[in-house]
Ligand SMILES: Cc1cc2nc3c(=O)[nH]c(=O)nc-3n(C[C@H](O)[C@H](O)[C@H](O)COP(=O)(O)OP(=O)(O)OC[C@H]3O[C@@H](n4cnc5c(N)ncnc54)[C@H](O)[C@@H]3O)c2cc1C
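Take a look at this single chain in structure tokens; it is the form predicted on its own.
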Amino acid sequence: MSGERNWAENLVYRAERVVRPRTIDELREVLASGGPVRALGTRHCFNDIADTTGTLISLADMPREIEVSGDTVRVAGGVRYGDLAPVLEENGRALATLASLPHISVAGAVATGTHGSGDRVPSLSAAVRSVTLVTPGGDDVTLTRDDADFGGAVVHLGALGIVTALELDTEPSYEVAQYAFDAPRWDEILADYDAVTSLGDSVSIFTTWRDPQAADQLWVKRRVRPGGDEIDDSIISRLGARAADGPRHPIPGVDAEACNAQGGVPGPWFERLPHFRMDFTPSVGAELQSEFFVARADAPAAIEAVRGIAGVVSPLLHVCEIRSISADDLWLSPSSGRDSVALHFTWRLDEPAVRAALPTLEKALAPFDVRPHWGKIFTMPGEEVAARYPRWHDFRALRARLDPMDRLQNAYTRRLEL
């Protein structure tokens, strides 16, 4: 075994070796050596999706090429969002959304359906115009939005090949102002959930589920528009929330130094949309994560269901974040085909206890056709997960065509019966 670990250090990779090719030709040489392979990104997955018994391939030593052209940017497979964003800003361009931390790789986030927040904003994967990968057989394959299989090639779970480049949509650069509010009341949130998420372009509800009456925080991020565009104070008042009296960290009691500026101070999109700054360790570091997606229409009932088992989840939590994501048409995207709301759980680093509690949480959310985040911890059986995706069998067929020798298969994909 390589002895290397993921970011949270809850997983030791079983791979015999980790290789870091510096060129595409070196990547092909690694693939030509045979045996099981998987791509290794920034290691921010909390399960064994990236593991293998053979060779892990990291693209971290390959050139981190970023080419901005018109309304498109082409990025190499090893590029992180924190690398990409300043280059886009220098060229007057931006992405429509970012995840809560910029430390993750573009290719890895796209492959797992990772997202930001916003009623009108789909996942990070939806920005992809084309994906280029090298198959286990050494072939270069590029799929664009015009290709019939494109919807299966974007959120691919690492099961189709090693992604060497992506093309993404961009838009003109913009500024964002971020606000934090304390103690919005649950009854008022659930009575008009749409009004709450309409407060900004990106809205997050943070809760530890310890107070049955109120969430801990409400964060609102709004694009700065000409002529001003203020938050609707009547909604804040109705929620019983109060403006934070200083910077906040999502986890109560943790120093907010690692977080991007709040208090309504305008700043570049990439310094406000993520919760955490690139030069700090995100969140608390010693943690586990799970995330579950439900259809937006079911969000109030799903939140109420979790509220009903607060005694199970709360003792294990650092914090839970609730965000909205608009629908896309990517086959294995957790928000495929439906506007969605994601309930994200940042757990204390106690995997046996978390895994023991997850079946109760998943059972509470099961009536809402819940879909788990691919890179985080869940215990739902593979056939139950597969039933949530109408194009599941189409993806299996695509995987079989691009990897006929099953070299990219691992314990994770076999549990899912991919």
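Note that residue numbering follows the sequence shown and begins at 1. Keep in mind it's a predicted model, so treat the numbers as computed, not measured.
Not on display, but discussed next: the form predicted in complex with this ligand.
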*Choose one stretch from 368-376, 28-36, 63-71, 386-394: the one whose residues place a heavy atom within 4.5 angstroms of this ligand in the model of the complex.*
368-376
*G108 near this ligand in the model of the complex, any heavy atom under 4.5 Å?*
yes
*A299: heavy atom within 4.5 Å of this ligand in the model of the complex?*
no
_Can you tell me whether G152 touches this ligand? I mean in the model of the complex, with a 4.5 angstroms heavy atom cut-off._
no
*So, in the model of the complex, is T55 in contact with this ligand at a 4.5 angstroms heavy atom limit?*
no
_Heavy atom within 4.5 Å of this ligand in the model of the complex - residue from L88, V121, L199, L101_ = L101
_Please tell me which of H318, R323, R222, R93 lies within 4.5 Å of this ligand in the model of the complex, judged by heavy atoms._
R323
*Taking this ligand as it sits in the model of the complex, which residues of 26-44 have a non-hydrogen atom within 4.5 Å of it? Please list them.*
R38, A39, L40, G41, T42, R43, H44
